[in-house]
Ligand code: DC
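Listed next as structure tokens is one chain, alone, in the form predicted alone.
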């Protein structure tokens, strides 16, 4: 698949930031798969049954897209900007539960793949983009970083939101998340076949972007 870059990796590795900057630099569309799972969680709040068939009906024929507003990509669903709504804590918890359901993942896969248009290009960010959703992608990136560096980045993000978090607790939380992601039965986190592994521990964002642009 031409004009497609998948970016996989663990939490805190910088996937979202790199994907956003790459999409803006290349003028391509972006797919934030985590935001789509949050959208599914939001949809499930408004229906009685949370089975894939019911959720699929709510998704059918709805326009779903990301739009760059300022320096952030906003998710629009059926004409409404749902970005702030899907960031609610309870939505995140529900999304995490749904992401472990194979039937839900099968349902959302078609939606994810619908974002790809070879004429406009796509940056796909997630934990199974290159391994499951777009295994045909010609450029696959697996972005990683040490657990300490990832915790430091997460701490900075939380401080910017006015939150204080203990570094030891952050490291423990990331280790638990890594363990669950790598050992889950449904779409475990792994290095996709043919992916370029980039360790960003000691790299700046610009250096990571340059490495990926060399591949492009």
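Fair warning: this is a prediction, and the values are worked out from it, not measured in the lab. Residue numbers count along the first chain shown, from 1.
Just so it is clear, the following notes concern the form predicted in complex with this ligand, a form of the same protein that is not shown.
Figure note: of the listed segments 168-176, 30-38, 65-73, 143-151, the one touching this ligand in the model of the complex, with heavy atoms no more than 4.5 Å away, is 30-38.
Although the partner is absent here, residue 105 sits close enough that one of its heavy atoms falls within 4.5 Å of this ligand in the model of the complex. Remark: residue 96 counts among the residues lining this ligand in the model of the complex, judged by a heavy atom distance of 4.5 Å or less. Put simply, residue 184 is close to this ligand in the model of the complex: some heavy atom of it is within 4.5 Å. This ligand in the model of the complex is not approached by residue 138, whose heavy atoms all lie more than 4.5 angstroms from it. Although this ligand is not shown here, in the model of the complex the stretch 62-91 places heavy atoms of just one residue, 87, within 4.5 Å of it.
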